[in-house]
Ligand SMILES: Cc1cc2nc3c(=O)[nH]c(=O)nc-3n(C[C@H](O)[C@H](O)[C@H](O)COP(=O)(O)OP(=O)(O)OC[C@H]3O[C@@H](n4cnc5c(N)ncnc54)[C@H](O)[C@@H]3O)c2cc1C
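Form predicted alone, single chain, as structure tokens, below.
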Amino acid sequence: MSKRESVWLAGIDTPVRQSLDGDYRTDVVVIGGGVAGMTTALLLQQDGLDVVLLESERIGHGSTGKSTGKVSSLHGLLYQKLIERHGRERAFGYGEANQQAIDVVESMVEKMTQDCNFARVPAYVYTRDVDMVDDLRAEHEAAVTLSLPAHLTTDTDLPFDVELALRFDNQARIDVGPYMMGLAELFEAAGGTIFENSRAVDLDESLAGVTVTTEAGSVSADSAVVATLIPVFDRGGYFARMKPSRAYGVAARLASGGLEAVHINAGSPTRSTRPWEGSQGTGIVIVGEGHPTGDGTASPGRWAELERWGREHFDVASFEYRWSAQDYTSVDELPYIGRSPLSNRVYVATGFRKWGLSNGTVAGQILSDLLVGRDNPWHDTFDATRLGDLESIKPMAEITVSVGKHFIGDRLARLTSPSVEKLECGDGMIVRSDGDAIAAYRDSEGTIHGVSATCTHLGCTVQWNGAEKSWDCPCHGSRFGIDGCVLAGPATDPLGVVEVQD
């Protein structure tokens, strides 16, 4: 059985940094220790500002540490859509920003003592479906008009034939865990301060500055950057303009064969692949099986399907690791990076559409430029205060309708929830106990762990995630542990613990 751990975080020996305890004063406080927050903090510190970074768990252990480790401007079939929706200028800005982010990551790696296994490789989006060939040709035409390094080919390093592939040259892959540790070390060497296991629970903004509060202290600053996948302090209503989703990953050791480049297929189901240089030889990483957060289909079967596909196409010796991750996609396909609406001192970075290593690096550049008063060539492309195009109205309405259905329908479903006696060992569900509907999980020893079934963000009913053994909100993607603790925002308060009579 493979280990339930990201391949990029396995075996990394890093010092546990202290938690915030007391009150601090700094120039900028950054909330979130993923690639966007860590890059922003490092660049600001190098610009001469004093920066404190707050991370709710460990640096790089969120979605960044569970990514594919691709650093690329090839983001599926995206550029044709960007040109149609936003025009050539904004599509060009997105492509240029993400392409140059590869150079920025490489320059960071050159300064690190960590071995990140950074390598320049081609990236491919391919199809085995003849009906999608025209889509790849259209994407190629769009990419070429945007000056991206695009070529059409049928020759890849995949162990099967393709109908057509779009290749971007001079892309990269990296081991994410060591890279994040390297960023943290560079930041601290420049004089920055990191507090781990310090979840921000409140942010207050005034004319004089901002104050971020944790359970054990506070940080006062001139400005704050919220880089928490989705802003946990949401002044821009981003929760209503983005869709949360989860995807699954496995890492396999190969008996023979292997890959050099990075790949993703066009169409569904998604299969994203890349090489993995494991301690016991050559391997691959396979990511896919995505679904909306909290839709009830999260189960270990998602990993099993990736493993089945891997064995079908590769000479797999063993599967070593399995994990899952979450991300958000904006309704107009572009991330939100910049000053938060209705705020003068709070900045955000969110909506990376599963391409966080490049987009998060871009975010660090844009945000650091904004905070020190420099012009940035890509700020308008990613402007966090934008309202979106006309095409955004329909998906925003769909999000609102979906949330309404969950808010009402799931609450009605509570009325017919089974009794707690029906709960099997190792399973979780919404059950009734003493006449109330609760979220309950029965562990392998038969002990029941009960918490409130109502998400503390905006009141939707949480759903059981059988893969990660967590309670996930289908409305805006908040996640909670079996004890009710917050695993991921936008919620900041835990689910209340409920005593259960079996």
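The first residue of the sequence shown is number 1, and the count goes up from there. Note that the structure is a prediction, hence the values are computed from the model and not measured.
Not on display, but discussed next: the form predicted together with the ligand.
In the model of the complex, the ligand sits beyond 4.5 Å of every heavy atom of L146. Proximity of I102 to the ligand in the model of the complex: non-hydrogen atoms within 4.5 Å are absent; the residue sits far from the partner. Taking the partner from the other structure, the ligand in the model of the complex has no heavy atom within 4.5 Å of any heavy atom of R442.
A384 falls outside the set of residues with a heavy atom inside 4.5 Å of the ligand in the model of the complex. A single residue from the set F168, W355, F187, Y347 has any heavy atom within 4.5 angstroms of the ligand in the model of the complex; that residue is W355. Taking a 4.5 Å heavy atom cutoff to the ligand in the model of the complex, the contact residue among V232, L183, A252, V219 is V232. With the ligand left out of view, the stretch that reaches within 4.5 Å of it through heavy atoms in the model of the complex is, among 41 to 49, 444 to 452, 66 to 74, 463 to 471, 66 to 74.
Proximity of A10, A119 and E277 to the ligand in the model of the complex is absent: no residue of the three has a non-hydrogen atom within 4.5 angstroms. Looking at 213 to 230, the residues that come within 4.5 Å of the ligand in the model of the complex, counting any heavy atom, are A227, T228, L229.
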